[in-house]
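One chain follows as structure tokens, the form predicted alone.
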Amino acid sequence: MKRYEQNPIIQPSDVKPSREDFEVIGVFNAGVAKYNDKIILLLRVAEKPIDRKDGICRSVYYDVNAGEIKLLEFDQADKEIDLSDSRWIKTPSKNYITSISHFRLASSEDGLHFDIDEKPSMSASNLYEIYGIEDPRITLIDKEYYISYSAISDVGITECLAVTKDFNNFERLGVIFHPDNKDVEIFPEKIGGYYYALNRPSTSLFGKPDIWIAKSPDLMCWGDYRYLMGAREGSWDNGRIGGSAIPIRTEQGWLEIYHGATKEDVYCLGAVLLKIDEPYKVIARSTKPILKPEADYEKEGFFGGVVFSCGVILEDKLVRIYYGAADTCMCYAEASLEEIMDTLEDVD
């Protein structure tokens, strides 16, 4: 992959906070689409309360009954509280988050320089979203843009669906994958009369977080779940894997850019090729990552050592990847379709 020399293309300082007592700590993992001859990014914007008291840490959540965002305070000196991970406040009774994410629209003529809306496009608004909404993926079907996204709450991580025609008005359609599931990518066309979607259910005592595939007659009711592929021992994706971008139709098959992490939580991007008429069959897969954390902005940040994509565009056989770096900023890289195909090796 060739990184854009002026990466990052969007940083937290480029985004106006949604309220005066918040600060933007991350803008990353954007869904991508083309609309009215522009490149659209639906950014995941992570915010946290501005620290105003020494020795106090805060959690933020959406109060369903009040219909607004509220804060909780915790004493950092409390030895029963685990603050070892900057993303969480872990107490003996339950876990809380230190930030909350919403979606913000950005648009560009050239796909590199973006105008960013000052207000959220979508934010927490119901029981399933009390800790925010994350990682949107955008699928264009019959002139409508379907947005699959993760909703975080005390009842688990669900995958939800929304739809828009103009990126101004968004209609929530509801939960489509029960907890705990995420990384849902809906294919852009029916295959054999059904819609298909990649997904990443959580595991129990057995197995690892791996990629599954399901099908649906109407985008809402999903079934016929099949295991697609898993993490590989001794490889760059030996810890966990999940889908990243919406699958791209090519002459050779469906090309999926996916993410994989080591057991030490280093996140990279790879590629896999699926059969056109039977997308639950893997043809070939990357033996090495096509993009891994190497630049300083990828290795250092809110959660360092991460490259993670929710959106890819194919233009004239050029694969344009928009990716989050270190859970902090948005970046851009590109490669020819042929170059990515050359990284694949047939699967027996």
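Start at 1 with the first residue shown and count on from there. Keep in mind the model is a prediction, meaning the values are calculated, not measured.
Here the subject shifts to the form predicted together with a further copy of the same chain, a form of this protein not shown in this document.
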Region of this chain that lies against a further copy of the same chain in the model of the complex, out of 266-274, 150-158, 108-116, 135-143 [heavy atom, 4.5 Å]:
150-158
Please identify the residue among 189, 82, 73, 224 with any heavy atom within 4.5 Å of a further copy of the same chain in the model of the complex.
224
Quick check on this chain: which one of 164, 181, 123, 262 has a heavy atom within 4.5 Å of a further copy of the same chain in the model of the complex?
181
Would you please decide whether residue 201 lies within 4.5 angstroms of a further copy of the same chain in the model of the complex, comparing each non-hydrogen atom pair?
yes
So in the model of the complex, does any heavy atom of residue 89 sit within 4.5 Å of a further copy of the same chain?
no
How about residue 212: is it within 4.5 Å of a further copy of the same chain in the model of the complex, going by heavy atoms?
yes
Quick one: does residue 98 come within 4.5 Å of a further copy of the same chain in the model of the complex, counting heavy atoms only?
no
